[in-house]
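Only one chain is included here, represented as structure tokens and corresponding to the form predicted alone.
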Amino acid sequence: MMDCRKASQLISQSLDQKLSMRVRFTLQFHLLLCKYCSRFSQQLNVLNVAIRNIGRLVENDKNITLPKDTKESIIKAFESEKR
């Protein structure tokens, strides 16, 4: 059985790379049994989506009066962080 520390590491890792089928299955089994890790996974996914959307908001926000090259560098920084 997987412990919560390993599960949280794998949850984070799964945002950056695809886990093997065996590891995904073991993690999903743990998430079914552990409400704390399941909640952590949901919260991390919400944060991940929010971060991805920030770049689009900055790009389209006409109220932000930064120079265009500054806005572009911020957007690139966010995009590189989500990978």
Partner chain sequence: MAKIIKNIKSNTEHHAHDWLTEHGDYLYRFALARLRDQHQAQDVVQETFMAAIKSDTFAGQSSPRTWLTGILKHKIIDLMRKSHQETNVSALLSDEDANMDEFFDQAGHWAEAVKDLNMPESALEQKQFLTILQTCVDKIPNKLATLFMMRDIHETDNAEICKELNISPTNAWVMLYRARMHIRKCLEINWIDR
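Residue numbers count along the first chain shown, from 1. If you superpose the two forms and keep the largest set of C-alpha atoms that fall within 1.5 Å, you have the rigid core. All figures in this text were calculated on a predicted structure; none of them were measured in a lab.
In what follows, reference is made to the form predicted in complex with its partner chain, a form of this protein that is not presented.
Using a 4.5 angstroms limit between non-hydrogen atoms, Lys18 is distant from its partner chain in the predicted complex. Contact annotation: Ile64 falls within 4.5 Å of its partner chain in the predicted complex, judged by heavy atom distances. Put simply, Phe29 is far from its partner chain in the predicted complex: not one heavy atom of it is within 4.5 Å. Taking non-hydrogen atoms only, Leu33 never approaches its partner chain to within 4.5 angstroms in the predicted complex.
Residues from 3 to 26 that approach its partner chain in the predicted complex with a non-hydrogen atom closer than or equal to 4.5 Å are Asp3, Cys4, Arg5, Ser8, Gln9, Ser12, Gln13, Leu15, Asp16, in the order they occur in the chain. The Cα position of Arg39 differs by less than 2 Å between the shown form and the other one after fitting on the rigid core.
Fitting the two forms on the rigid core leaves the C-alpha of Leu57 displaced by at least 2 angstroms between the shown form and the other one. Shown in the overlay between the shown form and the other one, fitted on the rigid core, is a CA shift at Val23 smaller than 2 Å.
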